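Shown here is one chain on its own, the form predicted alone, set out as structure tokens.
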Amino acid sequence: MKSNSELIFQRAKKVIPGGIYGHVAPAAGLPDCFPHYCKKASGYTFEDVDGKEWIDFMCGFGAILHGYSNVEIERAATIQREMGTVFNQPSEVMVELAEILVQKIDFADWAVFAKNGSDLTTWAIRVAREKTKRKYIIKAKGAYHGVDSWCDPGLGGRIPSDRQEILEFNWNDPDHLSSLFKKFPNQIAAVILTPYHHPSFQRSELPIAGFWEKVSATCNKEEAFLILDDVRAGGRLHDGGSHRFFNFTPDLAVYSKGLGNGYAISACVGKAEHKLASAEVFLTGSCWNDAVAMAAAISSLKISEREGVAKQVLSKGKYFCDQLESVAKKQNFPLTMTGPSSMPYPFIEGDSNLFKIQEFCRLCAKEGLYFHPHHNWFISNAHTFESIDNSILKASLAIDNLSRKSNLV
């Protein structure tokens, strides 16, 4: 007998391309054991349409910072929803949110809003081109900045000209970056980077000592924008932006995911000297002035500041990573949690075909743990140390199972 998840998916395939597409498509995860559809969620758990409860370490792929259905955020959203959501003109809450971001983020003098990270990473590089009158953009190889054709990870629908002005350098190689400026003198508008490197299907890489200092110096010398794509990490490294965690200052920074704790919103902030150029680059969307999402973002930011949420999730994440690695080490299982502890990526030595991590996550799924085999995980502030201990116990059963199979270790 087919599960509710499978039955709904069969219906979906008739009316939706692929049934489920993008990063949440079944093939991107573990289709044999991950649910296709969720029913409800609260705190650090969600329930799928078949009634199974999961301890969640993906947090809506990072969109949930304070836990699902956070009471304070939902209350703020409800109050605004009773007054209205989308109007002909923006609401005052938009101004309040911009004021909070400008006050909170040390280099920010202005803010604009959209719905997705992609909306504003693409807009940000256009602002850089408008200000500098240059065409080339530099990004790190393997970096993800959204779904637009200049940066998306797929091939469908793309033509060669989409990336003619996009240059790439190797992460943690500032000399390689400098060489691109020499090769294309006075032609590079901006360098766009994530605060640390989190490529798909590979271990996360933190910046080496001096990396951001050299990148910043190069951009300053060449009068090119330094754009921070803080969409994924924003709120989980430093409450004032991830640049504070790594001690550098960008020209523009883009935030989304945890900004609205599940409500669709993104923001770009920038320095005063770029305000005029930003006003020249058209930016709009019929529902981008969504007052409910903005009210949720204001509440989310207030919680982060009041409770020091970035430090909280880093602390909880460190405990989680340390405990998981300790269990793995005792079982001779070569698991390392890479990247920042609040959003770690699991890496298994010698697992070039990703079979081991898939099998590990598959066994954990049987225990009700939602560990993704191909994406970094996320810690929300709703996770408790008790829930982490419970998760480690469940994960240890999977590690014990795997350690007994000589073909996997």
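A residue's number is simply how far along the shown sequence it sits, counting from 1. Please read all numbers here as calculations on a predicted model, not as lab measurements.
The protein also exists as the form predicted in complex with a small molecule; that form is not presented, and the subsequent description refers to it.
Query raised in the report: Do heavy atoms from each of H198, V231 and S256 fall within 4.5 Å of the small molecule in the model of the complex?
Result: Judged in the model of the complex, H198, V231 and S256 all sit within 4.5 Å of the small molecule.
Query - Location of the small molecule contact in the model of the complex, chosen stretch of 279-287, 106-114, 331-339, 139-147 [non-hydrogen atom, 4.5 Å] - result: Result of the contact check: 139-147.
Query raised in the report: Between the options S178, S91, S118, Q312, which residue brings a heavy atom to within 4.5 Å of the small molecule in the model of the complex?
Result: By the 4.5 Å heavy-atom cutoff, the listed residue in contact is S118.
Query - Selected contact from T132, T218, Q323, T194, since only one has a non-hydrogen atom within 4.5 angstroms of the small molecule in the model of the complex - result: Exactly one residue meets the criterion: T194.
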